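Have a look below at one chain only, the form predicted alone, in structure tokens format.
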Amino acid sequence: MTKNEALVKYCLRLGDSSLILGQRMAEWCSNGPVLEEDIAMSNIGLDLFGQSRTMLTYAGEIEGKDRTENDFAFKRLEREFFNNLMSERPNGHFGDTVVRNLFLSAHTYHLYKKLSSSSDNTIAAFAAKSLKEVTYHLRHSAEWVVRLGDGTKESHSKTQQSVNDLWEYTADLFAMNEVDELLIKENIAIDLNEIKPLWDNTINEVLERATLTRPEDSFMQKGSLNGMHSEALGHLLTEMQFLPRAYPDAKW
């Protein structure tokens, strides 16, 4: 694997995770529990789409095969996506969504903070800009997890169940392969072993404030780096890609 091949896959990994989570957040549009949260979650989705566009466009430039951000988003199949498994999890109820967002935004916050010093200028600039947005995403999800976890008996119970249900997907956030090994040597990518204790501290602090219990690691899901996904991604892509596939030559 060459450096450019590894960099394309790394950019796709970052771009795909933002794209798929952005699509999930878009599903909340007009469905939020209150108007303020409807707007907040839609805005988070727009932030994520913007982040995805930057990385997918950069992947196309490095690849040199004239593929655009739209080609990557709408003309690939499930096994060609490299988003983390948690980003594709269905929204469920509001508690499921904010817990999922807490786990993911805590990860991207610490990752982008490190990536802002990447030797690749485009990735460094992308991470620095995105960090401002992700900081808000983390604050938003953390405040809601605390509010729900330390709220009523019912909200506490439901939020704890959300934490329990999503926990098995957290290990996938820190999986690495030969792409990481090559790019770490070039000071482009970040060793995720450096991110894990920072993520642990953030999650432990929020769960403690929310009076929630951190689950034990047992069976942990992995596979996104090899394009292995749950059936949820296939359903999501069917909806997301329908229009561009039905009218491939349409202009708008």
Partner chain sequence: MPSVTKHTTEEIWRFLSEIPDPEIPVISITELGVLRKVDIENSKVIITITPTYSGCPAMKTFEDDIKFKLQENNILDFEIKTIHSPAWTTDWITEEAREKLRKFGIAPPIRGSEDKGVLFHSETKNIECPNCNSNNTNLKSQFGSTACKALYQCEECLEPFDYFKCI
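If you're wondering where the values come from, they're calculated on a predicted model, not measured in any experiment. Residue numbers count along the first chain shown, from 1.
The next section is about a form of this same protein that is not shown, the form predicted in complex with its partner chain.
Screening 204 to 212, 64 to 72, 23 to 31, 188 to 196 for residues having heavy atoms within 4.5 Å of its partner chain in the model of the complex returns a single hit, 204 to 212.
A single residue from the set E78, D172, D96, E143 has any heavy atom within 4.5 angstroms of its partner chain in the model of the complex; that residue is E143. Remark: M176 does not count among the residues lining its partner chain in the model of the complex, judged by a heavy atom distance of 4.5 Å or less. Proximity of R89 to its partner chain in the model of the complex: non-hydrogen atoms within 4.5 Å are absent; the residue sits far from the partner.
Of the heavy atoms in L56, none are within 4.5 Å of its partner chain in the model of the complex. The closest heavy atom approach of L225 to its partner chain in the model of the complex falls outside 4.5 Å. When contacts are defined as a non-hydrogen atom within 4.5 Å, none of R13, D180 and I184 contacts its partner chain in the model of the complex. For the stretch 41 to 56, the set of residues having any non-hydrogen atom within 4.5 angstroms of its partner chain in the model of the complex comprises N43, I44, L46, D47, G50, Q51, T54, in sequence order.
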